[in-house]
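The form predicted alone is given below as one chain in structure tokens.
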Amino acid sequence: MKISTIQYKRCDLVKVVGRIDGHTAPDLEKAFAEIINGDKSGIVFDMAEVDFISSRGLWVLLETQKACKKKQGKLALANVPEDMLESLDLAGVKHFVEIYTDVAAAVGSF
């Protein structure tokens, strides 16, 4: 899994290429925590090139959303692959995290 981050004025964009599973989820959690522990509380997570997300990865998304909200921010998902939307819905993530069809809309929501 490869993680990259781009800083914007009101939020940071995190892009992942590869799988998010029990082995790689801690790396994603660390990337999100660095942003939240810094001066930002808004994160856009671009999932366009995510191949798979496990329950551990879903847990990271929910915990990140909680941490962002504590600082009056949010986690927004962008470019979620169609097959993962159903998983996010079944896991209840769609009720807690805003989902956008593209990065520009997600970044613009901040």
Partner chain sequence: MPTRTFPGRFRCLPEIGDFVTRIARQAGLDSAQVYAVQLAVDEACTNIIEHGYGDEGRGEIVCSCDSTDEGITIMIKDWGQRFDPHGIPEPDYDIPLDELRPRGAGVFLMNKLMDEVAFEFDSVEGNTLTMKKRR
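Bear in mind the structure is a predicted one, so any value in this text is a computation, not a measurement. Numbering follows the first chain given and starts at 1.
Below: the form predicted in complex with its partner chain, not depicted.
For the options A91, L13, I99, A25, the one in contact with its partner chain in the predicted complex, meaning a heavy atom within 4.5 Å, is A91.
Contact here is defined as any heavy atom lying within 4.5 Å of its partner chain in the predicted complex, and by that definition each of S54, M84 and S87 is a contact residue. Although the partner is absent here, K71 is not a contact residue: none of its heavy atoms lies within 4.5 angstroms of its partner chain in the predicted complex. Although the partner is absent here, K9 lies well away from its partner chain in the predicted complex, with no heavy atom inside 4.5 Å. In the predicted complex, none of the heavy atoms of K30 sits within 4.5 Å of a heavy atom of its partner chain. Not displayed here, its partner chain is approached by Q65 to within 4.5 Å at the level of heavy atoms in the predicted complex.
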